[in-house]
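Given as structure tokens, the chain that follows is alone and in the form predicted on its own.
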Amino acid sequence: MAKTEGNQTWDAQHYDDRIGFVSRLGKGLIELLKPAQGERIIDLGCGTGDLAQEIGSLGATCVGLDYSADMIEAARRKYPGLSFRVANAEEFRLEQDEKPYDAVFSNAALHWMLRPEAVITSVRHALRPGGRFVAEFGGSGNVRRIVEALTTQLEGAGVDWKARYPWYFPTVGEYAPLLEKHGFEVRYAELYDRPTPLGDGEDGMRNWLQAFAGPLLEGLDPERKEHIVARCVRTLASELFRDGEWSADYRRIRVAAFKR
């Protein structure tokens, strides 16, 4: 397990076993990327490598980058024929003598990066002129019900959650101008609702909280943490648990922008 953007800790095994919907739903974003034979593409925030493998299977050369050493180790085990590196998206630069890339792709990662302009700058430096940046991540209002339920319980327990809030969920009107400011032409941007089944029956919401709410629960003793999680799950059940399955109230931003 390793730290990542937003002080989040990732467990690659839990991610693959219980949060597989992230990669599965990200395959639709590859249709927007349209990887071409022979292109060189970075998968930024690649997790355990499933989408990098998917991109590579379409004829492109894909390099996966992730801040979590645990995720990168798992990706290398799963896909030994691909290249994966530990890298901070807010700071990464190409290696010496490494040619700029045709595209940077990112799925379900940018909302963990609290310095969006630094990320955009890194992406711009990695791209050739005319290269494209295709990304999807949490947008304004993403998991609003979950966040409200969890932060209400944290406040009741005397936890200062605002100081540890880990996510960046912008509007299109906030994010697109940042791309334009840093040398991109935005050709597509959309904010849309995507209610997302979590799988695993009654355990779905607990799995989600274990995977993604770590920064808000970090440092709490196990009994206190369990009390907060249990009350959060009970609160959400009336809205997000139906017919034996949980769903999350996702809202996503998709963008396609080209380096001028």
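Each residue number is its position in the shown sequence, starting from 1. Note that the structure is predicted; figures quoted are calculated from it, not measured.
A second form of this protein, the form predicted in complex with a small molecule, is not displayed here; the remarks below concern that form.
K.L.:
Just one of 165-173, 116-124, 82-90, 151-159 has residues with a heavy atom within 4.5 Å of the small molecule in the predicted complex, so point it out.
P.N.:
Heavy-atom contact with the partner occurs in 165-173.
K.L.:
Within 4.5 Å of the small molecule in the predicted complex, do 40, 106 and 133 each have at least one heavy atom?
P.N.:
Checked in the predicted complex: no contact with the small molecule for any of the three.
K.L.:
Even though the small molecule is not shown here, does residue 67 get within 4.5 Å of it in the predicted complex, heavy atoms only?
P.N.:
Although the small molecule is absent here, residue 67 would stay clear of it in the predicted complex, with no heavy atoms inside 4.5 Å.
K.L.:
Although the small molecule is absent from this view, report whether residue 184 comes within 4.5 Å of it in the predicted complex, heavy atoms only.
P.N.:
Because no heavy atom of residue 184 falls inside 4.5 Å of the small molecule in the predicted complex, the answer is no.
K.L.:
Examine residue 241 and determine whether its closest non-hydrogen atom to the small molecule in the predicted complex is within 4.5 angstroms.
P.N.:
Heavy-atom contact with the small molecule at 4.5 Å: absent for residue 241.
K.L.:
Is it the case that residue 112, even though its partner is missing from this view, gets within 4.5 Å of the small molecule in the predicted complex, heavy atoms only?
P.N.:
Yes, residue 112 is a contact residue.
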